[in-house]
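So this first bit is one chain, no partners, the form predicted on its own, shown in structure tokens.
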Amino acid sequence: MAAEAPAATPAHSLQALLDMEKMVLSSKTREAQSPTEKWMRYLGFPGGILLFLLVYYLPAGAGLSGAAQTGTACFALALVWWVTEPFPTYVTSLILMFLLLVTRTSPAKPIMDVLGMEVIWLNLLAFILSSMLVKTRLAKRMALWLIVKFGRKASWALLAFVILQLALSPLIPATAARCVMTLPLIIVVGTIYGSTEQTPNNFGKNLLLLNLAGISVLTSVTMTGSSANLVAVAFIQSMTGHRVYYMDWMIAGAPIAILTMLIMWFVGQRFIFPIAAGDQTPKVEGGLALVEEQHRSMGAFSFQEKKAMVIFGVVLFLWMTDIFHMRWFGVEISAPFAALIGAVLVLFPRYGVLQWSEADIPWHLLIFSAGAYAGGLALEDTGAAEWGVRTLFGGMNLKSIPFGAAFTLITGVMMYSHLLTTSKTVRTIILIPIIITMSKALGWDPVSMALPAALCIDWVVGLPISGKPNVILFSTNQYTVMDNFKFGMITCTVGMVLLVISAATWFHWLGITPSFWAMPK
């Protein structure tokens, strides 16, 4: 697990590090940097084709349609190519969309329509708001303040972001919004510690991937953290008659999510991406004193910064108060439309703060995201995803094993299934009813399986295509798909271990789960 610590990078002038005009997300994609990555690219191309042919020509399973099998083959090819990157990820997405069309897995219109999906719009608008924070220097001011307060050592700077994401998670339900709000801070703090797009280091990998995990995992702290959580709670109530209250969810889920993040904060910087001794302090000539001087020299807030704060405050207010919109305005203002209002104010002629040409929008990432959603929708629309889950559970002889083993298998499927589906809500709709039905058939209290499984819904940290924040943070080009996969899988595994321990201890004491060794009735 441990990797060789990189050599310390030389210090740079603070002005050069904080030149955010050079931190352009839309410039280009990341080049391979290590021999391992180059070999993965060589082997990934034939590997993807071989997997496509294998899945495509295998005898179809009972209940699996031809379109579902073809869609699975196309998605498998794309998944290998996204991970190994023989082509840029957006090229693989375009190839996937073409394959879905020519194999008649999906009609042309649904494939093209993904670029107009709400999630794509939210990403686009979020990048405009992020550009506003950079252009007005508000991000620079906030990053300098963060470093002055918490940045004397790399580990404390990383912990500050964990606390920041924990504080934001109950306030802003939209994970992409949380990601965009903190992205400029992440980039600047990473840069101060010597990690840039051109020279990424292990501090940058820890910073970005820890924030990615924090944004997703800490969403499971509260029942209202995401709409998928609420869908799961609705299923549990309608299918079992058991109502899950806000505090029920928090008491069960918060310790696991918070403890996982603290473990990853420690393990990440020590063992996964060990931070070199030279990268433990800000890479600035003159040290922290110069950072403090730079922060003081910015003086009072400028008019443009105040304008940016007001605009972002309006968007933030709308994100935080979405449950009251219908009562106040007679209409629900969703996260994308709140961001749309912000983008209008940002780009408004004469009174805004940005020209259109100044908006840093990485279009290649939106295409990458669109392809991933087209593939995920094909798996769902053809029934391939549901068939796979039913086949997997049907192949497990759960009647012959104790509750603890069944619990581990079922929650494990829920935890790692995000690698194959790109929608938390759809994954919830497919899996939670199956888990409840299966638990009833086995004689278990369905809540004992369904509630812990629901706590895994938001842990979408394995791949850049797994969620909206994943796509946004991947745009920084400071870590690879394999870096994301390694950090994400370890995060999920830590969470799984804690879930299993919880099932054997405090879930049982809370009355959620039966004895860990109880057999099915």
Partner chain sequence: MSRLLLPLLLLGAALSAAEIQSYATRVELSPDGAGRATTTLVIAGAANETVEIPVGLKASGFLLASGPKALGLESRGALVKVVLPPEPGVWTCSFTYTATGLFSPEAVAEGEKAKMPGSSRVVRAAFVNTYDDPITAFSLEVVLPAGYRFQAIKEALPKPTKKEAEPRVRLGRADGRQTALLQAAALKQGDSTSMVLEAVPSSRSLLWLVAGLGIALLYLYMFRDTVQSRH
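Numbering follows the first chain given and starts at 1. This is a predicted model, so every value here is computed, not measured.
Heads up, the form predicted in complex with the partner chain isn't pictured, but that's what we're talking about next.
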> Quick one: in the predicted complex, does every one of 67, 104 and 433 get a heavy atom within 4.5 Å of the partner chain?
Replying inline: yes
> Considering 223, 154, 164, 239, which brings a non-hydrogen atom within 4.5 Å of the partner chain in the predicted complex?
Replying inline: 239
> Exactly one stretch in 451 to 459, 470 to 478, 487 to 495, 42 to 50 has heavy atoms within 4.5 Å of the partner chain in the predicted complex; which is it?
Replying inline: 42 to 50
> Going by a heavy atom distance of 4.5 Å, is residue 108 a contact of the partner chain in the predicted complex?
Replying inline: no
> Does residue 181 make contact with the partner chain in the predicted complex, using a 4.5 Å heavy atom cut-off?
Replying inline: no
> Does residue 305 make contact with the partner chain in the predicted complex, using a 4.5 Å heavy atom cut-off?
Replying inline: no
>> Within 4.5 Å, heavy atoms only: does residue 400 come near the partner chain in the predicted complex?
In response: no
